[in-house]
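First, one chain by itself: the form predicted on its own, in C-alpha cells.
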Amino acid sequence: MIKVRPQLGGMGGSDITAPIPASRLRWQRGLSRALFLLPIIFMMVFFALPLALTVVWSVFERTMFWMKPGFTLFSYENFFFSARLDNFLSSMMHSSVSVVVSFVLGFPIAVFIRRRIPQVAQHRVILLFILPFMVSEIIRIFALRPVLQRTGLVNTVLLELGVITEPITAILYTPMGVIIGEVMSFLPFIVFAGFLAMEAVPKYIFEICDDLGAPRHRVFIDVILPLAAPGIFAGGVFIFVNGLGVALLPNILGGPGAVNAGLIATQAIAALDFPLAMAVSAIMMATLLALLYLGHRLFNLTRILSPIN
C-alpha cells in the first residue's frame, strides 16, 4: 500500500497521510496496460490479420461466386503468365518516374522550409501541403481532367502564349497523364517526409558549411542528401506503392489502355475472381516489404525521427 502526503493549508501546514487502496492501484495499472495494448490489438486485428488472410486466400480455389479452401497456384500463374505482368511492370516504371519527378519538385521545398523559414512557422507551412488531402481523392484526380485535356487550361495558356501551334494530346489519357496525376496526388508526402528528415539535422551543420564557403551544390550532395536519405526513401516508397495501387489514376487519367495493380485487382473482383485479386494484393504487399527491407538495410529508416549528432 502506497501513502501520499498532501500539503493542506492551515495553521501549521500539517501533513496528513492518505492511503491509496490496493484495488484502485490495480485498476489504474490495468487501465494503463489496456491503453498501451489497445493500439497493438487494433493493428493486429484490422491490419496484420487481414494481410495474412490475403496471402492464405490467394491460394484458395475459385468458385462461381466466391472461393473455397484448397491449395492452388493458379491465380499466381494467371498473373505471371499473362498480360497482367506486363501491365504491372509498366505501372512500376510509371511509378518510378513519378517518384523521381516528385523528388525533384518536392525535396527542394522541404530543404527551403527547413533552412529559410523561421522555426516557429515551419510546421504551419508544412500544414499547407497537407490541406489538399482534406479533399476527396476522386475530386482531386477528376479536377485534373479540365486542366490537362485538349481544350483545357494548359493547352489554352500555351496556345495564347504562342508556345505551341496546336493542342498537345499526349498529356491526358496517356501514361504521362497517369504520372502527372501521381505527382499531383502524392507530392506532399515527399515534402513531409523530407522535412521530417531535415528536422532531425541541427541547423549549425548548415552554418558550418556556409562559414567554410562550401558551394551550395556540394552541400546538397555531400551533406543534405546523405542525412535526409531515410526520409527521401520513405516518401518515395509511399509514392511508388500508391502509384501501383490507386485504381482511380489510370481509370480517370490514363484512358482505356492504362492499367496498374490496383485496377487489375478491381477488375478481378468485378469478374468474381477473388483469388486472383488476393494474389495481386499479396504481390503488392511482397513488393512493399521488399522495398522497406532494402531501405532499412541501406538507410536505417528508424533515423527519420531520431536527432542527428
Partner chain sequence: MGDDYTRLWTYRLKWLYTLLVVFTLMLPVFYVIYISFNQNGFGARDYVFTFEWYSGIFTDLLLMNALGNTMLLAAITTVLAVPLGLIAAKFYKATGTDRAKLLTVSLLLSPLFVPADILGSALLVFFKNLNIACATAGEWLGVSWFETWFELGYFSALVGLIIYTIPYIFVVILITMGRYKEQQSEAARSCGATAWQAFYQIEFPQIRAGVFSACAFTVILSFNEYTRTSLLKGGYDTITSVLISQMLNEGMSEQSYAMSSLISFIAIAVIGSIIIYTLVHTDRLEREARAKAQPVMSS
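The structure presented is a predicted model; accordingly, all values stated were derived computationally and were not measured. Positions refer to the first chain, counted from 1.
There is another form of the same protein, the form predicted in complex with the partner chain; it is not shown, and what comes next is about it.
Against the partner chain in the predicted bound form, the set Leu38, Ala48 and Phe129 is in full contact: each member has a heavy atom within 4.5 Å. In the predicted bound form, the partner chain sits within 4.5 Å of a heavy atom belonging to Val120.
Using a 4.5 angstroms threshold between heavy atoms, Met134 counts as touching the partner chain in the predicted bound form. Proximity of Gln149 to the partner chain in the predicted bound form: non-hydrogen atoms within 4.5 Å are present.
Under a 4.5 angstroms non-hydrogen atom cutoff, the partner chain in the predicted bound form lacks Arg84 among its neighbouring residues. Comment: 209 to 217 is the region of 162 to 170, 209 to 217, 90 to 98, 74 to 82 lying near the partner chain in the predicted bound form, near meaning a non-hydrogen atom within 4.5 Å. Along 224 to 262, residues Ala234, Val237, Phe238, Val241, Asn242, Gly245, Val246, Ala247, Leu248, Asn251, Ile252, Gly262 each place a heavy atom within 4.5 Å of the partner chain in the predicted bound form.
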